[in-house]
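This document opens with one chain alone, in structure tokens, the form predicted alone.
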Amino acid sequence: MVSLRAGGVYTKAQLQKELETLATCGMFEKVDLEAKTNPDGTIGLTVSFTESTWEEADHFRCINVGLMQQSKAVDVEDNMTEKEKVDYMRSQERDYRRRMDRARPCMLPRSVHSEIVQILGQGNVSARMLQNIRDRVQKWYHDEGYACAQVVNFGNLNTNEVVCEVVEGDITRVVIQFQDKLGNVCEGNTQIGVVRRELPKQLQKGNVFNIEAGKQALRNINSLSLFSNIEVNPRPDEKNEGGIIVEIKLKELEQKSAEVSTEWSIVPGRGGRPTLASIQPGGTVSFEHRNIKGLNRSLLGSVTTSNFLNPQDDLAFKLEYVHPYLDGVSNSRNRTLRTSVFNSRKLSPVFTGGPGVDEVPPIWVDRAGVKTNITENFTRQSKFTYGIVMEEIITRDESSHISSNGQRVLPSGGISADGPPTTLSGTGIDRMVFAQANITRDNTKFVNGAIVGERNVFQLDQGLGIGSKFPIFNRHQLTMTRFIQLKEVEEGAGKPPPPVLVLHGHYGGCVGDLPSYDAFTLGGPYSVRGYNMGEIGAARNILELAAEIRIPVRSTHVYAFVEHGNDLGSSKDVKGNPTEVYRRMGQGSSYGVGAKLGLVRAEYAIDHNSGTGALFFRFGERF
């Protein structure tokens, strides 16, 4: 309790104040401060005291006196008669009893109460005992994240119940400030309601400040992607004793941004030396206008081509408008409207050769259309999305000509275009309108960097009978993944992650009209590893099963996996049976090992159909 430190420089007034503080704290009967000059000119101080003691107590009570005027001990005047002294002490007891009745119960759990009662059972209550009780109470608060809590007084001494007065750190105000690049307070573009809805309930006025709630607010606000710097700081409220003001300081990002990225493809040249595939540059031009009207609405656009000099060959674009808080900023319902216009080109894995088949001429699928959906977030990770898609699909060969059928290489080296039909209409061009829904239930979390928990995803595409050949279909998928923690570990920074067993299942099915480009494909880094995209088959119904065990090694992990994919005998029901035409098996398994190297997965997988293995490098996660 003595704040003086060896080597410090103090004035006479400071020493006098220290003596008064010790004498009036109620812990000591008598306090003396003796000064002695040393030969080197310094002063040696000796603090002697007689510790105060009170009657034994066998009960303990903790109260929250935050936002109440703190009680101050008042000495009995010497000129009072005995009767006046008794009456005065009784009035003090009544006042303190009323104070205890007005105070709120503290959050201290019964287990800590029991520990303190055991401390009280050691004998008469002393200043040292009260110090131990104070340390134990404050330790619990600070361990639980209540960093502003502190014990301010002990009352009801000389009775059978000791009362511990705690200021827990009640939040009286939440202040949101916007700052410019130099840190000066300025007027922000973002509406305050957008920020306030991201604050957890525990950080609202009337609750006790908890540092974990502050961290959660930091993460929530950061997820808006509107600010370059975010600070959440508590400070004492000078107008309300024991109160806490939470200050949130924000620096906004620029509203408008544009970016151009270029790329050149490199392929092996003579002697295996790397050389440019083409001198013509490709790349992407993108722009973004974020936080429109301060409501986190945004307009995003991008244009991608492999040839900036002649972009009409494979121009792909996307223009998207995002409108969050569809029901209003003040409404707790969290729905976001997204509308996009798009044009994309992707290589179809349906028209892929099986093992030992010469290279199959590729079929490209161009999609252009409009998509509108509404996403309702139930939690940070669980959501429900529903909407409608209107699109035109064109299938093309590698020369960008419209192709109504898949192609195959003849023994003579020629190419035959009598393969499976590529579209529902049989012309190479389809137009359709369908409804789409997706529900995700995700309760995964990170334990020292390892993901554990479970994730379920159900997706549904429903044809509405609008478009080429009036397509009516129901295409559905169910994905279930379990991340099972195999060993309990202590959580915290720098602690090792636990080993994890991953179990994964994916079922896909379709009823009704199904164009070839929408058939389910088996094989690839996100289907059955060790195979190329679509190498196992294309089907109306599929089942994928996978298991993976992850073992932590230093700052990363190694893993072993086994996977299986099966078309459930439905490959023949796809128009033209591309699985049979391109000599694919319709089912396949693989197994292997891998290591996580930063963002890259290095894997050695063995294809069970051919019995050969290969090394793969993949970005991102499998599950």
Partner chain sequence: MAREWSGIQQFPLATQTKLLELLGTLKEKARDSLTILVMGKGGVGKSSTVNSILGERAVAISAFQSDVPRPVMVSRERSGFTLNIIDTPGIVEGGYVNDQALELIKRFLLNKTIDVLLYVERLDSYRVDNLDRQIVKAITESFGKEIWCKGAVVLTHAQLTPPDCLSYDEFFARRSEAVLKVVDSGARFKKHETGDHPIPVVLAENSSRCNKNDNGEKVLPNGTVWIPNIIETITKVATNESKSILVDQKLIDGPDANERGKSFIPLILGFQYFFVIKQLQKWIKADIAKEPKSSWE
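In this text, the rigid core denotes the largest set of C-alpha atoms whose superposition between the two forms falls within 1.5 Å. These figures come from a predicted structure and were not determined experimentally. Positions refer to the first chain, counted from 1.
Keep in mind that the form predicted together with its partner chain is missing from the display, and what follows is about it.
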Review point. Can you pick the one in R408, H323, K249, H506 that has a heavy atom within 4.5 Å of its partner chain in the predicted complex?
Key: R408
Check your understanding: Considering H476, K205, R97, R196, which brings a non-hydrogen atom within 4.5 Å of its partner chain in the predicted complex?
Key -> H476
**Study point:** Contact at F378, Q462 and I472 by its partner chain in the predicted complex, all three, heavy atom at most 4.5 Å
**Key:** yes
**Study point:** in the predicted complex, segment of 114 to 122, 387 to 395, 334 to 342, 211 to 219 with a heavy atom within 4.5 Å of its partner chain
**Key:** 211 to 219
Practice item. Consider W264 of the chain shown here, and say whether it contacts its partner chain in the predicted complex, taking contact as heavy atoms within 4.5 Å. Key: no
Review point. Should I551 be classed as touching its partner chain in the predicted complex when contacts are defined as heavy atoms within 4.5 Å?
Key: no
Review point. Should D237 be counted as a contact of its partner chain in the predicted complex, where contact means heavy atoms within 4.5 Å?
Key: no
Review point. F458: heavy atom within 4.5 Å of its partner chain in the predicted complex?
Key: yes
**Study point:** Contacts with its partner chain in the predicted complex, stretch 513 to 544 (heavy atom within 4.5 Å)
**Key:** D513, L514, R540
**Study point:** C-alpha of W140 moved at least 2 Å between the shown form and the other one on rigid core
**Key:** yes
Check your understanding: Do you see a C-alpha shift of 2 Å or more at R219 between the shown form and the other one, with the core held fixed?
Key -> yes
Review point. C-alpha of A547: shift of 2 angstroms or more between the shown form and the other one, rigid core aligned?
Key: no
